[in-house]
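Take a look at this single chain in structure tokens; it is the form predicted on its own.
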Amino acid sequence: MAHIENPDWRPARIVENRCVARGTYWITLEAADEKPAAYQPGHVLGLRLNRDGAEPLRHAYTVSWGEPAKRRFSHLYRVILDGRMTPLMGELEPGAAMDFHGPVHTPIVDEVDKKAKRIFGIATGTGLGPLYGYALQALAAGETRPVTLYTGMRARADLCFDAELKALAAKHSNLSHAFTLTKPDAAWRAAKGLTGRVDDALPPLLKKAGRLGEAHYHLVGNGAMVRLWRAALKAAGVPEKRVSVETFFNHRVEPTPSQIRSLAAKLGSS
């Protein structure tokens, strides 16, 4: 996601900051002023961490969930061990102060084509956060189309919100989700869980679901995945209006023509 520059920083306090998987945290903030804070999954906010005697640290994070009535908003983020900001964020406790501003970007619910027959969310890593929030929001609002979320992770220890998504799917028969792991353990293989990168694991599943062009695809996470899938879906004949994206990092990486052709061939024709 793009870096946000804006002088209109607003105060917030941390309500929750809990570890939900290996190195992955769910942080909830509450606006500490009297202004509205009505944010939705897919909005992007700048967060700033002030430090005594040092330059503040700031970065942009996609909203995973919003509670406008409480003026609260949540983000799923990963602590980068050699990073500057996230190791400090991971140590923050409820009541600690941060600043925020925004939003930019468009909520996922507003990007999904209303004429699409089904919806696929494809994520890597913490990209699952806004997809999880979108599912909560859309299903609560009465979404009846099939909604399927796929997330690529490294290992079982990285999984988060699996139980929550299973519980949500138990209430809404049109929701399903699955993880694919690049480093699966024996138990994962024995349970016949999806394995490999999303580029390899998902195309057969999407082909079985019906015509590619009838669905909407929201891609979120690693820029290498997002850019490759957007280009491959276009090459496979999916209308551009039925592909929406949010890139977390690797903003400048470009897929090669051979990579695009390879994935498009796996996907087949729309």
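Please read these numbers as outputs of a predicted model, since none were measured by experiment. Numbering starts at 1 and runs along the sequence shown.
There is also a form predicted together with a small molecule; it is not shown, and the following applies to it.
Contact between residue 236 and the small molecule in the predicted complex at 4.5 Å, heavy atoms? No, residue 236 stays farther than 4.5 Å from the small molecule in the predicted complex.
With the cut-off set at 4.5 Å between non-hydrogen atoms, does residue 13 touch the small molecule in the predicted complex? Flag for residue 13 set to no.
Exercise: residue 94 in contact with the small molecule in the predicted complex, heavy atom 4.5 Å: Heavy-atom contact with the small molecule at 4.5 Å: absent for residue 94.
Counting only non-hydrogen atoms and a 4.5 angstroms cut-off, does residue 80 reach the small molecule in the predicted complex? Close contact exists here: in the predicted complex, residue 80 approaches the small molecule to within 4.5 Å, heavy atoms only.
Heavy atom within 4.5 Å of the small molecule in the predicted complex - residue from 61, 229, 26, 65: Checking each option against the small molecule in the predicted complex, the one that comes within 4.5 Å is 61.
Given that the small molecule is left out here, which of 44, 49, 224, 31 has a heavy atom within 4.5 Å of it in the predicted complex? Filtering the options by heavy-atom distance leaves 44.
Using a 4.5 Å heavy atom cut-off, indicate which stretch of 201 to 209, 65 to 73, 31 to 39, 241 to 249 touches the small molecule in the predicted complex. Result of the contact check: 241 to 249.
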